[in-house]
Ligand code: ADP
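First, one chain by itself: the form predicted alone, in structure tokens.
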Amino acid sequence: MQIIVLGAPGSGKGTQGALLADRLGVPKIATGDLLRAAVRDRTSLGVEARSFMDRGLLVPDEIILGLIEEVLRSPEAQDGVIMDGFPRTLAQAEAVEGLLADRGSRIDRVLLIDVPEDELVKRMLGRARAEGRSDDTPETIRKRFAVYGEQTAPLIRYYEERGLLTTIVGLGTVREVADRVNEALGR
């Protein structure tokens, strides 16, 4: 089963994606994790990615998609994957669909973890205090929401028009949200 988990920063998509991957016994694809592993392992794509990262530039889609393709070809991904926060743009969504089509597969479901913005801000500021995260300041949070609204939010309509989108209320405990995810997937 090929599942995408979308949501604004702080929505819990990473947590729910990990729980779902464990439940289904499939890999979770999170681009940050893939990039860090490729750089650490000094793979050819990792070396290329690092050249962009070291200059403070975004890693191009071609490299990200190459990393994703490697996961999709792995034996662990034969029963599917959970894509956590990826794709982030319409171009990436179309590219992922192409990668899956080449393997005779397709996106089965897109789960949108929906949380009101005021709750997201509260969560992110709380996370910043609890974890000492310097990247969750009010200014960076606003910027991340703006980028999400501009680049990622259009995916909601894209997947909705294809009949693939299911919205999950992201309020409550981790377990309550996970139960809603399971219910949405008929599990």
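Note that the coordinates shown come from a computational prediction; the quantities given were computed from them, not determined experimentally. Numbering starts at 1 and runs along the sequence shown. Here, rigid core means the biggest group of C-alpha atoms that superpose within 1.5 Å across both forms.
Another form, the form predicted in complex with the named molecule, is not on view; read the next lines as being about it.
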Is the gap between residue 125 and the named molecule in the predicted complex 4.5 Å or less for some heavy atom pair?
no
When the contact criterion is heavy atoms within 4.5 Å, does residue 144 count as touching the named molecule in the predicted complex?
yes
Would residue 58 count as touching the named molecule in the predicted complex under a 4.5 Å heavy atom rule?
yes
Exercise: residue 157 in contact with the named molecule in the predicted complex, heavy atom 4.5 Å
no
Among 26, 64, 38, 29, just one has a heavy atom within 4.5 Å of the named molecule in the predicted complex, namely 64
Partner-free chain; cross-checking the named molecule in the predicted complex, the single residue of 139, 118, 150, 135 with a heavy atom within 4.5 Å is 135
Residue by residue through 1-26, which ones have a non-hydrogen atom no more than 4.5 angstroms from the named molecule in the predicted complex?
9, 10, 13
At a 2 Å cut-off on C-alpha positions, does residue 143 qualify as shifted between the shown form and the other one after fitting the rigid core?
no
Closer or farther: how do the CA atoms of residue 8 and residue 59 lie in the predicted complex, compared with the form shown, if the change is at least 3 Å?
closer
Do residue 100 and residue 62 move together or apart in the predicted complex, judged by C-alpha distance changing 3 Å or more?
farther
